[in-house]
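Just one chain is shown here, as structure tokens, and it is the form predicted on its own.
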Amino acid sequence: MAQSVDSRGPQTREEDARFPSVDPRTGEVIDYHPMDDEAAVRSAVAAAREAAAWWGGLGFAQRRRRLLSWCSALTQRIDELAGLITMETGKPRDDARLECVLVVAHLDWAARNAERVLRRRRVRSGLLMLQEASTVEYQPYGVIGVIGPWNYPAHTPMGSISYALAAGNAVVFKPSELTPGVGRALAESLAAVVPEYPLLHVVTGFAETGAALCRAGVDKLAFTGSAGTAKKVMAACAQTLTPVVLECGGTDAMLVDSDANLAAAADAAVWGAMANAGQTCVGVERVYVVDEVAQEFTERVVAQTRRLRAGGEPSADLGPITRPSQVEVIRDHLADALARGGTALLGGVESVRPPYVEPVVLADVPETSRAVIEETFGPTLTVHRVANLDDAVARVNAGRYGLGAAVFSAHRGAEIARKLRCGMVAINSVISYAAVPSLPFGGVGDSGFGRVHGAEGLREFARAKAVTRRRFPPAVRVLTFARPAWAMRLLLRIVRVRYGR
């Protein structure tokens, strides 16, 4: 029978250093996992390097066949994997199933498109180098380190893992200490269909394990988490000039124009803000709605949100706040917003009932409040009236984050999307870009840099190599100490005629 624990801290036993993964709904221990130290992490990287040499040498067709087998195996085990996600995060089972669907969709796309995106291709050599045949090829880095989050413990890290593997790398994955079981389940499912070498190594533990992975000699590291932790990761990787991909969350906004479909906009706002109990990096945290439709839009949002219920039972719409410390962040943001003059249209500070938070909708919240400028990461939404969408764009772009956004407008959607300083925009929907495998995913500013998903995500995990091959002797020999005096005069004459007009 499962045991109950009072905290999520590490638990040490005489024979081993382990820590528990805990069901946040009940406090019951699901399993114990090793506290991997620096030596264990370095051992995993060394083993992954051996696997990477084999995997990278297989070629695209062989990797595709094996990855598609993994995709099939994961598809057949969706309910099993979803059940584990639900246990470790507390999210409703259907939310976990949806996450698993995204996992297999992205893995399938990466496997099927890696050769098309990364194969060697010819490029033009230009007038001055006509004698050279020029090509670009993409080679795997070798070993990719991945540090994943707890809110989407399968989909988010697999956005790096799938594309890194398809590009020919092996991976060492450090899942969140809150969801280590999901990480191990992913690795075990891959090992079952690719038994030759362990391509996906999992190391478990707390911050020290993640820091050890940064120092362990991986060839590139992909991190998802807070901006503060991302800076520490980047600083650690800088010591060895290890390149990084950072996805750091945001305070994503929805903009609603006067000609928007208000029923669709309200439905999207509620789902974007409240799904997964608001624990979504690209979830809607604030809405800017044009004055003339603000009243109707707000009434629709409040009416829909009022029907949602948080709890641990299967019929609940929202699960718990997975990380216990986040409950106090949500409480502080709500208290700050109300103290600064915000109005609670639904719920308030009293909605915080650890480990659950009932949905909260606020209005008249100042732009300087923590609920606007910082990531709340809970089932809360602030609604702001604006004179027009240009005012809304200015407010959104003034922030330090720039991950995703949404625009609801019948006529200006594409125009407004281009003006927003962020990595992704959904027009007349929310978060839809995350479900499109061919689109890149990532942010700007404090939301990080680099991209996962799509062709850009594949190239993120491969080195571009330039190659030239001489086809015939050059007409003018200038790349030699033996060049005649007239060669540079002729070259300059050609350049001035060609480029100086």
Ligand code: NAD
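These numbers come from a predicted model, not from an experiment. Sequential numbering from 1, following the sequence displayed.
The same protein has a further form, the form predicted together with ligand NAD, not shown here; the description that follows concerns it.
- Looking at Pro140, you'd find every heavy atom of it more than 4.5 angstroms from ligand NAD in the predicted complex.
- When ligand NAD is considered in the predicted complex, Cys214 lines it closely, a heavy atom lying within 4.5 Å.
- Although the partner is absent here, His201 is not a contact residue: none of its heavy atoms lies within 4.5 angstroms of ligand NAD in the predicted complex.
- In the predicted complex, at least one heavy atom of Pro175 sits within 4.5 Å of a heavy atom of ligand NAD.
- Distance criterion of 4.5 Å from any heavy atom to ligand NAD in the predicted complex singles out Cys248 from the list Val360, Val284, Cys248, Val256.
- Proximity to ligand NAD in the predicted complex, defined as a heavy atom within 4.5 Å, holds among Ala96, Leu403, Ala406, Ala114 only for Leu403.
- Between 266-274, 141-149, 182-190, 382-390, the stretch whose residues reach within 4.5 angstroms of ligand NAD in the predicted complex through a non-hydrogen atom is 141-149.
- Contacts between 210-226 and ligand NAD, taken as any heavy atom within 4.5 Å in the predicted complex, involve Gly210, Ala211, Cys214, Phe223, Thr224, Gly225, Ser226.
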